[in-house]
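The form predicted alone is given below as one chain in structure tokens.
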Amino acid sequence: MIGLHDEAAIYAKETAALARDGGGTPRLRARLDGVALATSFKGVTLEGLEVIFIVIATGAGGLLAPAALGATLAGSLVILAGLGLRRPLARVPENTLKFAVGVLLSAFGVFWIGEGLRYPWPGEDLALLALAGGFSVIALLAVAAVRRSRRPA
């Protein structure tokens, strides 16, 4: 079982490590931080490639222009949401975010597999809510079972 993360301690540790690797405290370093630049570049490139593959896959059916427009609008909304929600989201514990993302990925994954197999979902797209609810209940029960079975140190 993986322990809970102390986000503040992890952030302080990583900031100190980056300051050491970068040659001093953040204020004393040069304006261009190579480690931060490389890390940001890799993250943005990976996410950008995902978007490109999704747009191309959608566009393969003759919908390239709407897919590209949708990707542009979605990217803009994500940037605006990130700017507006940065502080409130920073207060959400990392483990809670991971739990929610896991539930959503599982629900969407099962739904899309069913769609690919032409399964007739009851309620069509609303079945996603039932899947997310079901995965949430199962995951919460699993967490409770693991906590009960964990032996005191």
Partner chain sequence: MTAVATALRELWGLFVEDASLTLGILVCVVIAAWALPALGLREAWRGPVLFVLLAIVLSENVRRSARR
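In this text, rigid core is short for the largest set of C-alphas that superpose within 1.5 Å between two forms. Positions refer to the first chain, counted from 1. Treat the numbers as computed from the prediction; the structure is a model and nothing was measured.
In what follows, reference is made to the form predicted together with its partner chain, a form of this protein that is not presented.
- Output flag, 119, 138 and 146 jointly within 4.5 Å of its partner chain in the predicted bound form, heavy atom basis: Every residue of the spot touches its partner chain in the predicted bound form.
- Query: Considering 142, 10, 17, 129, which brings a non-hydrogen atom within 4.5 Å of its partner chain in the predicted bound form?
  - Reply: Of 142, 10, 17, 129, the residue with a heavy atom within 4.5 Å of its partner chain in the predicted bound form is 142.
- Single option in 51, 110, 104, 67 placed near its partner chain in the predicted bound form, where near means a heavy atom within 4.5 Å: By the 4.5 Å heavy-atom cutoff, the listed residue in contact is 110.
- Query: So in the predicted bound form, does any heavy atom of residue 57 sit within 4.5 Å of its partner chain?
  - Reply: Residue 57: no, not in contact with its partner chain in the predicted bound form.
- Would residue 100 count as touching its partner chain in the predicted bound form under a 4.5 Å heavy atom rule? Result no; residue 100 lies far from its partner chain in the predicted bound form.
- Message: Please tell me whether any heavy atom belonging to residue 86 falls inside 4.5 Å of a heavy atom of its partner chain, as the geometry stands in the predicted bound form.
- Response: No, residue 86 is distant from the partner.
- Query: Does the 4.5 Å heavy atom contact test between residue 92 and its partner chain in the predicted bound form come out positive?
  - Reply: No - in the predicted bound form, heavy atoms of residue 92 and its partner chain never come within 4.5 Å of each other.
- Comparing between the shown form and the other one on the rigid core, is the C-alpha shift at residue 105 2 Å or larger? Not so; residue 105 is displaced by less than 2 Å.
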